[in-house]
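Laid out below as structure tokens are two forms of one and the same protein chain, each shown alone and named structure 1 and structure 2.
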Structure 1
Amino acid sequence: MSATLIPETGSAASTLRRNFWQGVWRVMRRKPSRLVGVVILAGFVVMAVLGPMLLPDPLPNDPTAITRPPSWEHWLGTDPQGRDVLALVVTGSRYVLLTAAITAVITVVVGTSIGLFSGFKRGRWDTVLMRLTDMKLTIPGLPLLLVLATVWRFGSPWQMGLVLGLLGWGGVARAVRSQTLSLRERGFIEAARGLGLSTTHIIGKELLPSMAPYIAMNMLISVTGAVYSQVGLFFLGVLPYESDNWGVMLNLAVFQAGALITPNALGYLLGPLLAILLLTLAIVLVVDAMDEIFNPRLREE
């Protein structure tokens, strides 16, 4: 990992980059399951971006086919309004993934800045910021979201992503700070300081690139967290039903269509459930691969 830290000249940097991608490819090939993770993840992104464009809005409902089990016509059955469950999963993916993306961006920007600043400056600011971070980490997130649901409208992915991002940066800040603390004592940072390089240069050109993979991993983990919380909030039924979200489907399937009792509504429950499971699986596989790429110690043989 330390080899990729200081790209000295252009050619050396490109060699390093090539080595890096070769490393990525090696890890991917050793366990093909990880490639699967990347493919599924890409599939979800395509589905969220293109899917809703290809489907009619609103989705056609068929009063003669209300709450049907899976069939050839409707692969995952229909909902209580006679809409195709698979199509609902596709339209629902946009809210879910957009929120996750917004959350991830806010989490990473806020968490990284605070962690870097805190770890680099040390001193009084560090103490104050970390006290705040600890406090934020202690307040139980889901109950707080539930309470917030009474005053804040979570109707659009932007509103949801904003709240989740602002509540979620604590972990990233802590992680980035501890990484900064260990990096700042290393030789290359001391050298840069000795050379009189500006703090912005040291942070932007020396610290950030070497922490990028670490931050990326934390970002993916926060994405999973964002997916769970938002789907969960809709599932609990404390938010208005008007949005297209897998959580709304889960809620209606379990608490209104009685999917756990009647086999007719089973598809309605399985659709969003499978979508969440697949997305989880993909992210777990990708994080696992990233872990092995960036953490050579795990590559034992």
Structure 2
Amino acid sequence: MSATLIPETGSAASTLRRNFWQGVWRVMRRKPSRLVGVVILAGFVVMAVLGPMLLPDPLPNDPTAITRPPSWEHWLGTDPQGRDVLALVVTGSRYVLLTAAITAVITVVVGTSIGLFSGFKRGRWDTVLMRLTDMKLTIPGLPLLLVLATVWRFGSPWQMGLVLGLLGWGGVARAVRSQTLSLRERGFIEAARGLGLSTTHIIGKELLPSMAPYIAMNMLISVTGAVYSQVGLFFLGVLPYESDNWGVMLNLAVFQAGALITPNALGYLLGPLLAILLLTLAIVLVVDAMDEIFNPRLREE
């Protein structure tokens, strides 16, 4: 009997996967800009992973080409040390994207875990965890980072990602708790409780898959927030310049190269700004596609 059931189960799963990817392709084709967003996002990931490996470390200086405007040789010009700005953008992308990825993972894992458990258990667990979340939300991020910068150099993206992640999970926990409260009254959760299934099983096997699209979109949005936060902190000079970073480039372009008053240095300012703009645009387009893929009402429209 099992010999006949296993092929049928495998065939059904294969059909579901095929239908899912066909639906994804239809959503993408409906608005080609979403495909553009996926391509740009993939391009940034490839650039951050492979780009620094293909460039010399450190980047060569050219004393004869200090703060030059864009040209065929240097598409975004050169910085005050004669280094190619485009190469600086590429090498700086690794720190920015790795920090953003670490921040997003920590934010979503911690926020989702607390929100799911709090919303499902209710009672004293909910009270304690939400008071903890409220306390976390009242912690001012910038002053805390100023204090941490006196003992931590933030030269590693792991350090920066860890701090930003631990500072950013409160909003996700609150949002996930609200979603969990609406799902815990649904029939399939009531049935799971009626069958006597454990809390771990219900949260991990029933609630979590239902919230996976919502969590994935929160992760992408967290990436955008992490990029803004770290670039802003480095631009303001709050953190020491111990890494290649788009925020450091912006700071040096404005306060060292005088990009706001020197046309030759304009490429040094526009390089990281264009990179941030394109990355944010790509994430917005991908989130838009995910919203339609996982929202049945939007798919029907």
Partner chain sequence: MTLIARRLAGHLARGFVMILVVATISFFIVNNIPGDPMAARYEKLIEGGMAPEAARQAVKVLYGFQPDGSLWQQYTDFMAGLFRLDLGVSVTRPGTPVLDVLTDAAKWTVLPVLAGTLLSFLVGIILGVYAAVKRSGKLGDALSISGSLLHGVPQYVLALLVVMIFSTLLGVLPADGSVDILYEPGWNAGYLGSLVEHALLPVLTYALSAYGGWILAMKSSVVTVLGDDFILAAELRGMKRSIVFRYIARNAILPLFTMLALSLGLLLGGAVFIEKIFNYPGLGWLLIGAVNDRDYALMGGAFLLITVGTILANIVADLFYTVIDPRVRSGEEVS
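What we label the rigid core is the largest C-alpha set whose atoms superpose within 1.5 Å from one form to the other. It should be emphasised that the depicted structure is a prediction, and the values quoted were computed from it without experimental measurement. All residue numbers here refer to structure 1's sequence, counted from 1.
Remark: the form predicted in complex with the partner chain is the source of structure 1; structure 2 originates elsewhere.
When the rigid core is held fixed, the Cα atom of residue 158 travels less than 2 angstroms between structures 1 and 2.
Once the cores line up, the CA of residue 149 ends up 2 angstroms or more apart between structures 1 and 2.
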